[in-house]
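Shown next as structure tokens: one chain only, the form predicted alone.
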Amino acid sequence: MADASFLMVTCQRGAETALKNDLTAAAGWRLAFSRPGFVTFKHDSPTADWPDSPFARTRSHSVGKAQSDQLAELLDRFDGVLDGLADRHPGGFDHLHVWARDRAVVGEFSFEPHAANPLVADVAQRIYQHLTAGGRVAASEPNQTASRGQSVLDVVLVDPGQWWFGWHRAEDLPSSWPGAIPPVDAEQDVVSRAYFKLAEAVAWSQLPMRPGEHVFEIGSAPGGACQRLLELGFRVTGIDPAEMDPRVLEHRHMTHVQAHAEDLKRSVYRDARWLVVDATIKPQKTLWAVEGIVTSSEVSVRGMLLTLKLGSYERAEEIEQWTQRVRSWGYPRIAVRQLATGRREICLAASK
């Protein structure tokens, strides 16, 4: 193991092929192990840079695995793995993150990655108690959000009685969250699940959006994303021919334009500083509609969050074309990610 690099990655179920294509395109990386929602890779160099992909929800140095129906045996195996890391991490780790690979496709069979999982919480607590007894984890609880630069010990529950071990250093917000899943209360009363998607998109993208600025959302009905934007203190205009939820419309900073975006004069968008689009249409139509808005001399949009529906993962090969098109509009800072709260789609964040 000292003479090679091993990388373990979790992703949304169904995205494995797109993920493998992205990561094995990087020189020297090859597939090692694959299960729906969980893939590992190997490189012969111990210092190889990690490849990236918008479909990689988490990335960790893979350091071993254990399989048993006995908790004590799993913990013993984990101890052996940690002994092998003692030279590299003599002071232990700052955090312990424990999560399970997605048990279903997001949105199917009512599955949501951010929903509470009592089994995972119980296993995490048992592992944590075992590790803190040996002084190997500094955090006061398992599955806390890490700070940038902190070391994180990772345990992925791949199958019943099968644990994979790894570690990573928190470099951005998603890598600070356990399983790169935003810490939101899935049981709160929201207008629609778009609330959770927008919350994750704003946090992940780190766009310099300030309370009080005007955000336009295209495809806003019934209003889940608008609900979150209003909570964050923005002035919001939702554009959609369908009806909006009354709980959103009653907010004093909410305006609903009941129309199709392409039917509106460009002057309607004159006050827009940020644009959010999550419409159930093909990516080409989304990009066509957005291009007509942001390239108008009457409009000065600083940045945008675009949801681009894939339909099929075979369309993943078009993502680079989409990003180049957005960049040509004068938005050089672009990031693309399949959100944990999203479905078969990617979120494109762009700013000037």
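Everything quoted here is computed from the prediction, not taken from an experiment. For every residue, the number given is its place in the sequence shown, counted from 1.
The same protein also has a form predicted in complex with a small molecule, omitted here; what follows describes it.
- By the criterion of a heavy atom within 4.5 Å, residue 154 is excluded from the residues contacting the small molecule in the predicted bound form.
- Contact annotation: residue 242 falls within 4.5 Å of the small molecule in the predicted bound form, judged by heavy atom distances.
- For residue 262, a non-hydrogen atom is located within 4.5 Å of the small molecule in the predicted bound form, even though that partner is not displayed.
- Looking at residue 190, you'd find every heavy atom of it more than 4.5 angstroms from the small molecule in the predicted bound form.
- Looking at 103 to 111, 204 to 212, 223 to 231, 131 to 139, the stretch with residues near the small molecule in the predicted bound form, meaning non-hydrogen atoms within 4.5 angstroms, turns out to be 223 to 231.
- Checked against the small molecule in the predicted bound form, the candidates 218, 236, 98, 180 yield a single residue with a heavy atom inside 4.5 Å, and that residue is 218.
- Of the residues 279, 275, 85, 74, just one reaches the small molecule in the predicted bound form with a heavy atom at 4.5 Å or closer; this is 279.
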